[in-house]
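Two forms, one chain: they're shown below as structure tokens, one block per form, named structure 1 and structure 2.
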Structure 1
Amino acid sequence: MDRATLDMVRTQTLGYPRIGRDRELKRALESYWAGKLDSAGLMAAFHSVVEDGWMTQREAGIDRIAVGGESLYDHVLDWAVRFGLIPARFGALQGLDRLFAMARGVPGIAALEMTKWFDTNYHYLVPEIGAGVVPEADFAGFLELVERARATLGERAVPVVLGPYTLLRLAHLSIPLGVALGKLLPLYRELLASLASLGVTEVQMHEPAFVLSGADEARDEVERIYAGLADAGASLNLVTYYDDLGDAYPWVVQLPVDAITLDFTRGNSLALVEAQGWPTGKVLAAGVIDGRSVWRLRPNEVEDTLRRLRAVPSLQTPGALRLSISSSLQFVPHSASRETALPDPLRGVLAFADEKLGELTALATGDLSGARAAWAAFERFAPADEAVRARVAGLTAGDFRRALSYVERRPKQVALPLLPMTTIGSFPQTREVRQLRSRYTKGEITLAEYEAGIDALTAYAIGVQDGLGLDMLVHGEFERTDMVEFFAQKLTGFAFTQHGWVQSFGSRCVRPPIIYADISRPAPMTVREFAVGQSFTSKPVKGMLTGPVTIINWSYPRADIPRQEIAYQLGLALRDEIADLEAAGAKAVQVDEPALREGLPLKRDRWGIYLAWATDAFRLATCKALPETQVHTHMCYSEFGEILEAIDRLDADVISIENARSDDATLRDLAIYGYPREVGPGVYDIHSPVVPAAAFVEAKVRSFLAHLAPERIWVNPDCGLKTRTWAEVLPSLRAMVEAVAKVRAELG
């Protein structure tokens, strides 16, 4: 593009990190829940974080700034509340009490189900929409937020609205989609009219569900809805992301909207535009800056995309093409400039949210010289590890197969009582744990003193489990800040940030590591802590590992190295670790893969390739385990019913699953499938502060017996216990033990 053309290109964002540069909103939420901060203080913290994001985008020179996607907890939950989609069990609650009850639960009232947002590591709350629901508008808070944004940003402020198809596609819907859309249409029209009355001239209508397989099935209903929105008020920018529109492309681009935003960093949007053209008179906002990657743009790739788009006749008109981030920036940290501990060549090719704003404006003016120089320096800094790559290249079919079948190896494994009880791995990360880690990091105590402190915490956790009567124990993972970061710190090829926090759900934040080079394991990673834990008990203690696919999906991998290659490198490192755990006396090893499902491509026709290498990576890690070693895995907060063949193919001896918020759905699916090995469905929700009663757990265990034989059932919480307090954990586990004892007695 020549300079005159570039000067007319507008820029837009689709969202910004929403937890705060120093996790201010996280701390405010947790203080509010603890009764240390009132609602006014919470909202003040929220508005401070929100306005910082607005100002940052304005100062970066962004022309159209997405506003209103910010949230106290979850944006999908927010829209369910704004449209009055409130399950009856929350009807007596109001305001923040209702919002947080729907998110976290309260005694006697279960929270909404929580699951993964498309193929990201963000969790959203699943709306429940039944036959009796009567949507009712409550847009006051959203409109007030938009008014604040307009006061700060003027015409640059563009409200974000979650589109009707996506809201319903992601919900638990017990009425026909067309009926539900018809109920919502008047409220969407009311909302657009209200925004227009504020002077809003453009609204981003976010419809990422259009990229999912099956969108074609709702074409008639969607076309009718958008025809009904065409004259409702402000002009619409229909926003999709995470993949291309696929088969839905021809009719989606003809919907009566003024602009459409497509993701050009994932999927095949460019090929669709080139092959099928673009409607004359409609703006294309091209998402060419990857909102989910921490890496700088590759100038040649982006320039080629824009050159090819400019060759499309209908996009040669001034103003027809707009530059965009591909998605909300909530999936990346705030600023790479704060990461001064990273090597300069690596930091030079990183672009977090603030740097991506700079990339967007630089792209609009055509100056990408800085990116070219940075990539050249990085390539000299991080050469390939040929020994690691040769080890992967030398793998054979035997590396992916256990020596004995499950039926043959199970009698050789540890013998436990009927309905064996265990936990998923972690125990509370208390202030004491955090202070111990902080003192060691700051150099205030020696390694020996730090390890002594960790060992004391481990002894307590083992004593609690042993004393309560659990059957297979865990050491508690007090040495681990995060289930991915811990392993990444002990492997080559990873880099770590100091301030790189991103939101996982609510106030829960994670700091994903960055995979910048080939991966290997220089030394054992978990053997010392396992051995310490095992020394305190005669009961078996599980070795605890995070699986290769989860490590990839919860990190920022290099885009130029195939994920399968990275997964196999990780699988080999974990294989070596399992061998060392066995040598140290481990009778059971748990390799968690909670991210297996979330890594699925959004198009079904791409599932096969992904599931083949993802399950092979797990098998590569575990299949050389001795027949006597019981291999466990854990999965949570995703819908697994559609990938049961892949889960079966993992060939794990025991799988534990999230169950409390999904109403036994995965358990039923496993039973119908005929899953041939052992299952540990969660008996209570660890993401809620509610302590379950023994009767509640007993009822759960009895419901399991309706689906599986008792010798195939394990009993455990939904997930790890690191986010809970000991005051919550101890009575919850007592309730679990009491319930199991009663059921065992009846089973004899």
Structure 2
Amino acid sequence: MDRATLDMVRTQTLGYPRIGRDRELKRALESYWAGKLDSAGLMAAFHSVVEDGWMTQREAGIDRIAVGGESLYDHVLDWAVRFGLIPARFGALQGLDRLFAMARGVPGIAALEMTKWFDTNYHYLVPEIGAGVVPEADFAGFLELVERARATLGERAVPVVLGPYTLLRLAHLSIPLGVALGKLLPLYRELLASLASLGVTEVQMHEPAFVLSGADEARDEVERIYAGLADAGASLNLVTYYDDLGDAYPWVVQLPVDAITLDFTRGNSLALVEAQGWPTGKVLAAGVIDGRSVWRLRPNEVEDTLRRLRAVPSLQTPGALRLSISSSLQFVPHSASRETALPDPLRGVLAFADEKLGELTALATGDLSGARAAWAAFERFAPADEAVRARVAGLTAGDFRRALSYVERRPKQVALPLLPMTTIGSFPQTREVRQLRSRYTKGEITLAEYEAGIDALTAYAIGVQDGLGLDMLVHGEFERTDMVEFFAQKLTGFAFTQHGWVQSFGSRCVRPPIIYADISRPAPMTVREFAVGQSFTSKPVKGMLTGPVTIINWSYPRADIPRQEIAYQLGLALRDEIADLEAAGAKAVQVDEPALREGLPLKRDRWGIYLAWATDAFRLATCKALPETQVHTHMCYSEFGEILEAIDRLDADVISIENARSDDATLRDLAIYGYPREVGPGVYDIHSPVVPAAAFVEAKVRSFLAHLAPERIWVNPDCGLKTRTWAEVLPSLRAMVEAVAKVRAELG
């Protein structure tokens, strides 16, 4: 890099963690909702978290700092409110009451729907835009936030606005896109003019939806609205992330904006720029530092990308190329430097939000020696596990196929009454369970005492299921905090942070494990609890496992080991676990894959590759089960209509699915597809505290009979029961048993 280029290099961020270093905002929100903190207190906590993020970025020397994406609950909800996209049912509410009612619902008024934000583990609230809605500007709060940012950061502050195409693409839109864009255009113009009048010179217009398949179809409408924004007063930086622009690249880069930010850490933006060129006079902000991984940059990779970008003629003008984080940093924790319990060589290659700011400035000055040394030390610390790698390399087709087909193996498996009843795995995680665990982790009780406590809970859960008359039982998962963390703690290759919380939605945070090395299973993970559960009953108890794909999707995997390799390593560990469960007497195992669907790539043409290795990893885990062992799987959280073939390919004997909230949609899809094995569509919604009446469950079961032969149907709740109380679970399961008894009697 020559000096002149260097001096012109500008760094930018796209957003910062929002919940606070010590989850201050989470605590403030929960106190506010509990009536223990007033709105002034809540806003003070919010502003202090926000200011901390601004100051940290300023001190790191970032030139352009994204501001205004900070949020009390969710940024998409904020923009829906700012544009007056308020469904009529919230009409009587105002201010924070309305905001939180839209987010969480209040008695009698349903919240907006919540769904995953692109392919991340963050959830946003889905705006509803119906024919009756009249957009109306309410930008005061946003403008006030921007003014505060300018007071702290001056020219460095760049307001973030959620772009019109993305807002509408993510919404439930019951009017044509063009009509909705037409209604929003004057409001966007008004917003940009107001920002300009504050003295703002650059605005980040976030349009991640441009990377989605189908963006091309909206080309005319998008070109029209961006033409309408070109003279609205502020210079626009059009920001895209999570993938490349694909087919939309040629026209998106020609939109009348001054700068465009592309993601160079996912998809293949580099190939597009090299093959199709870059428009002269437009700034390219290159997202070369991955805002979604927890890993330090790999110097050679980033340098190679930048060298190739600098070879593009139109990017050789001073100032034409900026360095950027690839996305908002909201998907990574605050600071790896606090994780002092981790071994130094591992901590040395972790980069959370604050470290990534440092990387950005190091990249601008060309000094990547720190990263090089850190990776060299890490490679000595965590070399490949050759035995594990060899085992994966030695897999053959036979490792992915069950010995007998479903039709051949089914008669060998457990015989159960028609419409067998089961549950999904967990039973209430009561205060008693949490206290037991915390006393054990604090060292107040011994392992033996802890296990005795868990076993007593298991005995109770088994007794309940036996007493009610369920057919296939579960031990209750009392020993598990979380379905991924539990397994991660028992496998090699995983590390855990102390402070590594990231926002999942609203005040809810998760602390995903980090996969830093090859994975193996030093000892059985679930056999003790299974055996204890089975010892209390003569009915079959399911061995309960979390599937390889879900473990990966809810962790931070190593960026330089292919996900397929990691998934196969997990698959082999689970396969060994299933063999041990069988040896301990398990007649059925359940391998949960609730996150299978959410791992789908954003671009449809890459679905096939993902689904192939994802389903293979599941098959690897399950297909060496004995023909006599009934393999169950469970999925929830999403519509499965689009991946039925992949679900079929899992070759599970029984699949239980979330169904109660979708009006049998998933079941219908499975029936139309001709799903050839057994299905347990959920009969009631476990997310709601409402106890279903027996008549309700009965109607559900009857509706299943309209789609599937009775021998194919299982009866179970939608998902695990860990978030419910026993007072809710007992009558709900009783209703299920009563309903099934009635239908069984008729079927004879």
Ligand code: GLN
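For numbering, take structure 1's sequence and count from 1. Being a predicted model, the structure only gives us computed values, none of them experimental. For clarity, a rigid core is taken as the largest C-alpha set superposing within 1.5 Å between two forms.
Matching each structure to its source, the form predicted in complex with glutamine (GLN) turns out to be structure 2.
Once both forms are fitted on their core, a CA shift of 2 Å or more is seen for K542 between the two structures. I19 is not among the residues whose C-alpha shifts by 2 Å or more between the two structures once the rigid core is aligned; its shift stays under 2 Å. Taking the rigid core as fixed, one finds a CA shift for T446 of 2 Å or more between the two structures.
Superposed on the rigid core, the forms differ at A621: its CA is offset by 3.4 Å between the two structures. Core superposition gives D580 a CA displacement of 4.7 Å between the two structures.
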